[in-house]
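Take a look at this one chain, the form predicted alone, written out in structure tokens.
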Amino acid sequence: MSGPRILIVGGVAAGMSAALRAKRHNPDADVVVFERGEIISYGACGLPYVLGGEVRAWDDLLARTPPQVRAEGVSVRLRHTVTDVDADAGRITVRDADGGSRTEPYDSLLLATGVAALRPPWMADGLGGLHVLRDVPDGRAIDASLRGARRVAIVGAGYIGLELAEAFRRRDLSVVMVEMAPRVAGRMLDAAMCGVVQAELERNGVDVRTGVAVEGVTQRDGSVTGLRTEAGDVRADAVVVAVGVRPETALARAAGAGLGDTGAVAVDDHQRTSADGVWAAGDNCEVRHRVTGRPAHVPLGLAANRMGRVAGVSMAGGDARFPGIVGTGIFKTFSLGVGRTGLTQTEAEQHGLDAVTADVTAGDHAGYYPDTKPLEIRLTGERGTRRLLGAQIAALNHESAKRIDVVAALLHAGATVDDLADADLAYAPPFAGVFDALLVAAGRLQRALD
């Protein structure tokens, strides 16, 4: 081939998006993906739903198989682990599936290495029934541990822990959730919203224990039997640790690429690192937050795929730019849907902003239409500029939490609270009141800002 040689480390969201976009932009490019596992291009966010039975099989999460990708002209090498990068020489060192090691030259290199699950110091390797959940093999291992189990402990109450609580209850398992912080979902939401989440967990039989630090595990015959906590032992047949993630940056550091203040790889809006010829994309990168104007590390699927596309075009000689994020996330636990975007009141204050928040409880559609469910909306704006800063929504009809996207779109455009209050939102009784709950919240925040 006469085109550039583009090597990509990691074949899931960002890596595969980059590979396919690079090949489409420059069909002459020699694009090679190195994936240390056996699966590429799958929906990692669907893992809890396979465990809960809402998604039938692990293979249903696959977006593309290696033969499909190869048919588009991209070379895929499974069970190949990149162990080193020599950016000065323009080559990587790879350990193949048979354990052999060799070097591979490149013109452009993309590091799409993602994140690794945080493992507390007490988490022993090789102990049966003790798990994290980051990929399909992890999911299969958890599934195997649950067969014959009666009680499961979840350590951590973030996105994964909250989704797993529902998945395990759907399997008729007893579930205890242990969280060191004083509230569930405390890293995502203001305190006023966290209580709504905890109430939904407890209403569905989850034993929630907040403000409790885990000190270790109990075990017998090589398998976990529970947790040791500062408040006493917790019995469990299986334990899933979901206390957060850290960006995988070892190869970036080997290449001489700089890390940002968040600890993730620093990139420009083309996804270039500070190392010549080396790009990075996905959950291992920090990005510009459009509300604060500062770097942030928010590892979520949409941003990872978009960063991959930008990197693919850039490496293939084109001009694409990543526009940044506004920190939008959403999750479901039981009947409750919870969305957030922009900044919470707590985060705004941490960034030194003069923030004002309004809270509203309203129906998700017209009160006279059957089966109205409550919506909790928390809207935050900036005093003086009246700039919209963020929103949080908790909806007992979980689909209603997608209203968060209205605020996300306005944040992306730099809108004010008044812009939201004036928005021409859709109305019909099955969907909303004449004044949608978002408009009611905006009106209340207007008065607080006046």
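Each residue number is its position in the shown sequence, starting from 1. No experiment lies behind these values; they were computed from the predicted model shown.
The form predicted in complex with a further copy of the same chain is left out here; the points below concern that form.
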> Is there a non-hydrogen atom of Pro323 within 4.5 angstroms of a non-hydrogen atom of a further copy of the same chain in the predicted bound form?
Replying inline: yes
>> Contact with a further copy of the same chain in the predicted bound form for Asp28, defined as at least one heavy atom pair within 4.5 Å: yes or no?
In response: no
>> Considering non-hydrogen atoms and a 4.5 Å limit, does a further copy of the same chain approach Asp419 in the predicted bound form?
In response: yes
>> Pro370 versus a further copy of the same chain, in the predicted bound form: is there a non-hydrogen atom within 4.5 Å?
In response: yes
> So in the predicted bound form, are Leu7, Arg64 and Ala141 all sitting within 4.5 Å of a further copy of the same chain, heavy atoms only?
Replying inline: no
> Pick from Ala213, Ala89, Leu302, Ala71: which residue has any heavy atom within 4.5 angstroms of a further copy of the same chain in the predicted bound form?
Replying inline: Leu302
> What residues in 211-228 sit within 4.5 Å of a further copy of the same chain in the predicted bound form, counting heavy atoms only?
Replying inline: none
